[in-house]
Structure formats: structure tokens, C-alpha cells
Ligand code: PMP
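This document opens with one chain alone, in C-alpha cells, the form predicted on its own.
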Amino acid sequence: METAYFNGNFLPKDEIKISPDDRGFLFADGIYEVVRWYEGFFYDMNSHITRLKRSLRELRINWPDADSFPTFANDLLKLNKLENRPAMVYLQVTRGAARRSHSFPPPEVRPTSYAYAWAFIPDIQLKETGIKVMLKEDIRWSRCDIKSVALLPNTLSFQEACENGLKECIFVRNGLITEGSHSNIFFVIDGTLFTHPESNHVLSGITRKNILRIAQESGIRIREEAVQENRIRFVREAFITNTSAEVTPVTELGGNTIGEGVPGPVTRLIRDKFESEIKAFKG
């Protein structure tokens, strides 16, 4: 039986009951984090905790247990016998349950916290061959920097990509490529690595941050600058990053073949460096 974390306790997942008055259900008034377990460690858990706390602050949710996330995440792995398997842990925190009102409940109510773990099998083949992705006007709100559970535009856009046989939807806002429905995106133009700078229009991805570090350590020129949609023809390489996909090459973007249609040398170098770092952590 699967065990999950709920408001400070570990319970059988199918016995957990969340109030129909929970503001996460009524208003998507909550945030989430997802961390990856590499059979012995969580990758850059400190950055996940920092982002978690920031999201909570931005939504003004007072949840004092953020620092305990690594502890109960490890407990979830043990309880579900996942310590020796690749796994993911999902955490969601909402403002809590209160009578429906657009204003915050007075007085403040206890936040609802829920987390669970599951075995994760990465798709190694896609990292070798690359993926095809679509382009779409960015229909999301203007606070994409918050890891909010309000993901309807993301899910609708990703579903559209799936229905067209594509692996991701990449957004364009005012002619500038921002990010994907659940990933950041990088481009190589004239040997320089481009990605959208941190702003309210993109999520500050944990993998994104580490890829920028790895690229800098590797001597690759970096520009945190948005790429215009009309410059796709100059892109020689592209790849997406996120917790599950790590570094996955993009070989076709919005119907345009990227470079030679295969993962390029900069992408392969960065991917290999990232994978070497993971192996070094494993010892």
C-alpha cells in the first residue's frame, strides 16, 4: 500500500481526505515542488528548498515546515521501499481549508501539506535522439516565476503537443521565446548558449541554474537573453531542461529542423558533464 505525507503525518495514500473547501481545490491557491532521487541523494535539494520558500512568500502562505521537507521526503522513500530505485517526490502546499471567499481567510488557517513518492524510469532514448516540440503563444499569467499549482494553461498546451505527436510546448510572448509548459529551453547560436533570463515570465528551474553553472565551468559563452521567434533559423542547437528530463536535445522546433536534426556538440558536452556530475555524487 502506498504511503503519503499529509499535514505532518504518514498515512495510506488512499485514506487521505482533503476538504472540499480547501483553497487549492477552489482557487488553485497553492504551490508545489518536485525533487528527484538518484538512488542515494536528492539533486540540489537546497535550491529546491530555497525556491519552495520563495513561492510560499510570494503567495503569502505561512507554512513553517519547509525546512523539514528533506526529512519527510527521505521518510517517504523508506516507507515506500524506494531508497534503492530512481524516484521522484512531489510536495504541494495550499493555503488551507476555509469558507469560499476571494479574500484570504480571517483568521489565518492551517495550510494543507501533501507529499508522495513514486518510482521513476527516465526515458534515456529521448536524450540520445532528441525531441520535436511545438511553438505556441504564451497564454499563461504573468507570474510564471512562482511554482504555483495553477497550471491549466500549461496542461492544455502540453496536451495539444501530445495530440500532435510532440514532446513539449514552447511558449512565445511578444515575439520572444520564454520556456516550455514544464521545462526551460536553451539555444546555441554562433557557439553561444542562450536562455531567457530570470523574470516573472519564466520559472527559475533548478536544472536550468545548474546547467548554466556547468556551461560556465566548461568555458561555453553564455547569454541570459531571450531569443526572438524570428531568429529560429539561426539556431544550431536547442535543448530543454527540467528535473525529470535533465538535458534533452530538441531537434525540431515549431516545424523547423534545428541544425542537422540531431543533438549537437554543445548539447552533448553539457549533457555528458551533467551526467558525470550525477555519477560523481553517487560515488
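All residue numbers refer to positions in the sequence shown, first residue = 1. A quick note: this is a predicted structure, and the numbers were derived from the prediction, not measured.
What comes next is about the form predicted together with the named molecule, which does not appear here.
Interface residue among K167, H196, H182, R173 relative to the named molecule in the predicted complex, by the heavy atom within 4.5 Å criterion: H182.
The contact with the named molecule in the predicted complex, taken as any heavy atom within 4.5 Å, belongs to L203 out of A115, I131, L203, L212. Stretch 204 to 212 is the answer when you ask which of 105 to 113, 122 to 130, 204 to 212, 72 to 80 has residues with heavy atoms within 4.5 Å of the named molecule in the predicted complex. Contact between T248 and the named molecule in the predicted complex is not found at the 4.5 Å heavy atom cutoff. Using a 4.5 angstroms limit between non-hydrogen atoms, N154 touches the named molecule in the predicted complex.
Using a 4.5 angstroms threshold between heavy atoms, Y32 counts as touching the named molecule in the predicted complex. Proximity of S55 to the named molecule in the predicted complex falls outside the 4.5 Å heavy atom cutoff. Contact residues in stretch 224 to 246 (any heavy atom within 4.5 Å of the named molecule, taken in the predicted complex) are T241, N242, T243.
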